[in-house]
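Okay, so here's just one chain, in structure tokens, the form predicted on its own.
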């Protein structure tokens, strides 16, 4: 997010305004490539039934943040944007987003919108982002391997002791079968799937409104011990150590992994592309029970200076309608409006319902410097996890990460 600070300062220095109000007839919109399975169809359907027309551009995931920051500073940003929800506060803090508070609270179904998305879209008590698409972290388990290992294929693990026990029994099947998989060198992946272990156990990562890091806690140490034990006992494939996310989903799809924490997006992919994989979906549990989830996906935001809220309301009414929510669900996104979720999912694989329940209890940590502390390939979160999962100095790694993360947070607050 240092890029955003630089861009914001450049904008002020050059006297550039983010753009004029958009016309009623045609607006531009960017969406990241992870939404390519549903956004083009969603926009095409909207355009076919509305006078307002949206021109959509798909931007590669890895380019979106920098591309939008530069475009916003130079006055060439799109009118609308589907943005990874964790970055909403960063752009709001940089003055690049339009305040949607009044519009949001005027929606009759506002109370039913994903609270995690709205929370991630709120900066200094004002709403800058509303739910666009949704994903939730869940635990997938291979029913065939469960059955072969003498486990109940209809019951996933409900605590950490069961995860370790089940992984051991599946590993004992031999060959190249392994009990558990995670991408060990991927900061974002493990934010999505490892943080819920801590939340479900009563711990946290960021507190005081995202201003204070809390890495060295009993819950964090216990969760680390769980993963270290799985690795040390050989229950995790060796390739997990260097997997930066390329195999985040593919590991489980091999049909040789017993359990893997992953996103709900995998459900549709498995059903369509790997029908031979017999799998179940359950919640990511806490140490002694409980459950939690990372609420991911995108927020809908408007570039600052685009004042025609009539167009925005027209689009939001469509995506939050039963038609819009059903279309999103059919194409790969979880519903973001809880009161129509059952209707939107009724024709789909019933395993999505577990993911929808996970979404309802999901959390999303927010900070204007989220990228620097969590997602960055050189950031403290990613560095710490790889060290504590596979290294020998857990206390030292935790201490270094805590110090670095807090330093970044303190600098952002100045």
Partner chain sequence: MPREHAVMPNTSSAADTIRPRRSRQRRKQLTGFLFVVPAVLLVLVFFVIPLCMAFWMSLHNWPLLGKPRFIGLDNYVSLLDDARFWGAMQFTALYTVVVTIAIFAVAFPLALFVDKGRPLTKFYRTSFFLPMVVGFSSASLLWAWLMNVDAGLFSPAAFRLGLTDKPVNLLAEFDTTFWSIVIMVVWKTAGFNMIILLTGLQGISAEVQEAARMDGASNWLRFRRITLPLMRRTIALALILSVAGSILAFDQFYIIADGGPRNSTVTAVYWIFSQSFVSFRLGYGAALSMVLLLILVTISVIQLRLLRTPEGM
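Positions refer to the first chain, counted from 1. Here the structure is a predicted model, which means the values were calculated and not measured.
One more form of this protein, predicted in complex with the partner chain, exists but is not displayed; see below.
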Residue 378 within 4.5 Å of the partner chain in the model of the complex, heavy atoms: yes
4.5 Å heavy atom contact, residue 65 and the partner chain in the model of the complex: yes
Partner contact for residue 244 in the model of the complex: the partner chain, 4.5 angstroms, heavy atom: yes
Proximity of residue 229 to the partner chain in the model of the complex, heavy atoms at 4.5 Å: no
Selected contact from 190, 96, 137, 333, since only one has a non-hydrogen atom within 4.5 angstroms of the partner chain in the model of the complex: 96
Residue among 356, 386, 366, 52 with a heavy atom within 4.5 Å of the partner chain in the model of the complex: 386
One stretch from 370 to 378, 38 to 46, 356 to 364, 343 to 351 that, in the model of the complex, holds residues within 4.5 Å of the partner chain by heavy atom: 370 to 378
Contact check for 91, 238 and 382 against the partner chain in the model of the complex, heavy atom at 4.5 Å: yes
